[in-house]
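Only one chain is given next, in structure tokens, and it is the form predicted alone.
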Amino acid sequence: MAEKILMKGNEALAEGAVRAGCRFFAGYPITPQNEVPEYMSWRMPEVGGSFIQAESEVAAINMLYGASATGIRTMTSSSSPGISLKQEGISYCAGADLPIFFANVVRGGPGLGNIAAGQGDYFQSTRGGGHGDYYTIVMAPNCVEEMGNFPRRCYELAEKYRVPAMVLADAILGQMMEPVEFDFEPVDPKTLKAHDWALGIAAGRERRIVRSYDLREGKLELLNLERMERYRKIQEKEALHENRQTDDAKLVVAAYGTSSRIAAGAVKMARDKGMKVGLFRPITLWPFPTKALATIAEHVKNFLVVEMSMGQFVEDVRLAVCGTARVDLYARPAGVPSADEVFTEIEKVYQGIR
């Protein structure tokens, strides 16, 4: 059995990226993710990589564009308003089919908000976030160990489909400490397969161009249609989720990230009192595990969504069940519920089930 290491979530995230082969990091400080660039500031040089504290979030994401175009594994991170500043650059990376990796350790919002946990960036994350037609692969950890292990998966998917990929966490996950066991061996970038689109100096091959636009008549639409086909394959093959006690459930609680940990405690309280309650946790927020949730809705007709936002995640749940089940919402916009509070909501909904 591998040795477990006690780590803070932000540090596990950074170390996971390094172990997955990241060799370029550019970022700008903002709470509550500051431990990520701090960690990378000494870890990147240690493994022969490059660390840059950019002059702004806008500069950082455009540095990723350039570095990623050479084919190396890159990373940036920020929190909420910082990610908003990066969105134009992320859209450019999507338009250039660059497999960048980034992380958002969400704080409360809108605006500057506060440095406590929130989940109000769901729409921004799962709907592309910037201008134009594109999607970003979004993985939502609910523990520090997943913070450390998800970067590898993000790099692999980003490179497989040539799309940006991200980890969507929050202030609680970023700041808490838990034992971490990395479920993969460190990746030596030299062993990774060279990309046939990447820039670089090589004799005897055709000239390569990485760009986020094509002004030839009708070419952009063709590129977008081809990209949409890749998105369709991602939705078909790469959705991940976790079910707990949904087979006999009369009510299923749907939650992700930190909210899913709190919801799991509330579900246990309900089960202890004889209520048939289960838990559905999407691990990928995009692609959303629509088919899995729709399958549950074939026999469960009552859902309770728990989220730390005003009602964003709930829309994907309602789309998935497609009117076949009732979906209630317990929303805490930039507030963290307790298991007791969620259990109280479960009781209210459960009493109305026939």
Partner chain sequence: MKLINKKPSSLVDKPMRYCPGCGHGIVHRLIAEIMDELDIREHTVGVAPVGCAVFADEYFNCDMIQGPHGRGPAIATGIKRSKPECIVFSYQGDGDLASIGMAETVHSAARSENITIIFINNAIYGMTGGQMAPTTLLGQTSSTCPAGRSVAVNGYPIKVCEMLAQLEGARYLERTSVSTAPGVIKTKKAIKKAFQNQIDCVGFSMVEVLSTCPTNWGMTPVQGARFVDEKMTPIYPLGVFRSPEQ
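Numbering follows the first chain given and starts at 1. Note that the coordinates shown come from a computational prediction; the quantities given were computed from them, not determined experimentally.
Below, we turn to the form predicted in complex with the partner chain, even though it does not appear here.
- Partner proximity in the predicted complex, defined as non-hydrogen atoms within 4.5 angstroms of the partner chain, places exactly one of 185-193, 226-234, 67-75, 152-160 at the interface: 67-75.
- Only one of 127, 273, 211, 219 comes within 4.5 Å of the partner chain in the predicted complex through a heavy atom, and that residue is 211.
- Between the options 310, 292, 58, 329, the residue in contact with the partner chain in the predicted complex by a heavy atom within 4.5 angstroms is 58.
- By the criterion of a heavy atom within 4.5 Å, residue 62 is counted among the residues contacting the partner chain in the predicted complex.
- In the predicted complex, residue 52 approaches the partner chain with a heavy atom inside 4.5 Å.
- A residue is said to contact a partner when one of its heavy atoms sits within 4.5 Å of a partner heavy atom; residue 24 meets this definition for the partner chain in the predicted complex.
- Mapping the unseen interface onto this chain, residue 112 falls outside it, with no heavy atom inside 4.5 Å of the partner chain in the predicted complex.
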